[in-house]
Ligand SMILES: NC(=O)c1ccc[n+]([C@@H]2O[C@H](COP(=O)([O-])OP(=O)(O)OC[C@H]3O[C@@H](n4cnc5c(N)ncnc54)[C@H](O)[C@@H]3O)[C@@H](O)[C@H]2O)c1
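Presented as structure tokens, the chain that follows is alone, the form predicted alone.
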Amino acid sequence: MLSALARPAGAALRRSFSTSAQNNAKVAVLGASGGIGQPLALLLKNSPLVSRLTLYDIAHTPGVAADLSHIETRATVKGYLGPEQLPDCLKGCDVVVIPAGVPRKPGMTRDDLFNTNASIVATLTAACAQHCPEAMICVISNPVNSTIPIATEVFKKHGAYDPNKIFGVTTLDIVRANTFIAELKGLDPARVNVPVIGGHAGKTIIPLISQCTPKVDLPQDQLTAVTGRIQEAGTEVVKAKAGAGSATLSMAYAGARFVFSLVDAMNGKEGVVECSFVKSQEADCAYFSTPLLLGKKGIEKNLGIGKISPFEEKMIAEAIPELKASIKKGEEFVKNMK
């Protein structure tokens, strides 16, 4: 059943450009002037699913908003600058996407970003809990394995926590897995779907190639190689950009895909499935990414891990200690906040 449901892929993104889909989603992008924020805002502005787009950052947002506002699509665009304007940016929002933070540079792990990005995510999610407590919160800022526990604890502190509405956006891992498997097997990437579970860093990224649709058979050496490439694909981009940033364009695409799937589900579309790093009881840690059936109020049902191979079982066992440590780090950060 999962394979039949779990084909949102490029379809959600392509559908978002059709004029038949009508909705009035009010979406905010926090960190809208950055490397991910600008192309993400462009994709959201281009969608008839979005009626209002509010953009927040600590620099350049009036210019980014003015530029986007000239595009001949229905979404109104407004830019907000600095902490004092953040409440107005968030009021009335249905979905908030958070790509804010510093990008990785060569030699850095996602954990190296922790100190800077943890504070940013804590501040922004606190504002969300106060000014749009009912909104769906989609966190892109790395390290996602720690920033989602931060978002959760912050929402709890403000008495606004709903576990069905806080998402760690891991969609880029699925997008990459679909692309790499399609390249390897000579398939159309738009028709490939590989669920990716676990977390969103290194060996915590667990592509379930045994569950790929259409079914693919890979010898063990190829399976090991492509799995490693999916896990280290972010580093591949960081190295290729040679100090000029990390994955921004592909991440913007993946973020938009997730938002469009979420809005489709909120709008009543049935059978919308995306993987995301969320509060979970599906594995031996408090948060875990698995395929989720999305609905009007966020997560409708966690579809779980499903049947997996011994190779994938071993990857999960190896990922759990690292996931637990990252989760604890996020929770401790909020506990120690002044």
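Everything quoted here is computed from the prediction, not taken from an experiment. Counting begins at 1, following the sequence as shown.
Form predicted together with this ligand: not shown, discussed below.
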Kindly confirm or deny that K26, L43 and I166 each have some heavy atom within 4.5 angstroms of this ligand in the predicted bound form. no
Can any non-hydrogen atom of G34 be found within 4.5 angstroms of this ligand in the predicted bound form? yes
Is C132 a contact residue for this ligand in the predicted bound form, using a 4.5 Å heavy atom cut-off? no
Taking this ligand as it sits in the predicted bound form, is R257 near enough to touch it, meaning that at least one heavy atom pair lies within 4.5 angstroms? no
Looking at the partner-bound form in the predicted bound form, is P103 within 4.5 Å of this ligand by any heavy atom? yes
Heavy atoms within 4.5 Å of this ligand in the predicted bound form: which stretch among 110-118, 177-185, 89-97, 262-270? 110-118
In the predicted bound form, the residue from L172, A75, V192, V154 with a non-hydrogen atom within 4.5 Å of this ligand is L172
Please identify the residue among I230, I150, V196, M251 with any heavy atom within 4.5 Å of this ligand in the predicted bound form. M251
Who in 137-165 is close to this ligand in the predicted bound form, meaning a heavy atom within 4.5 Å? I140, S141, N142, V144
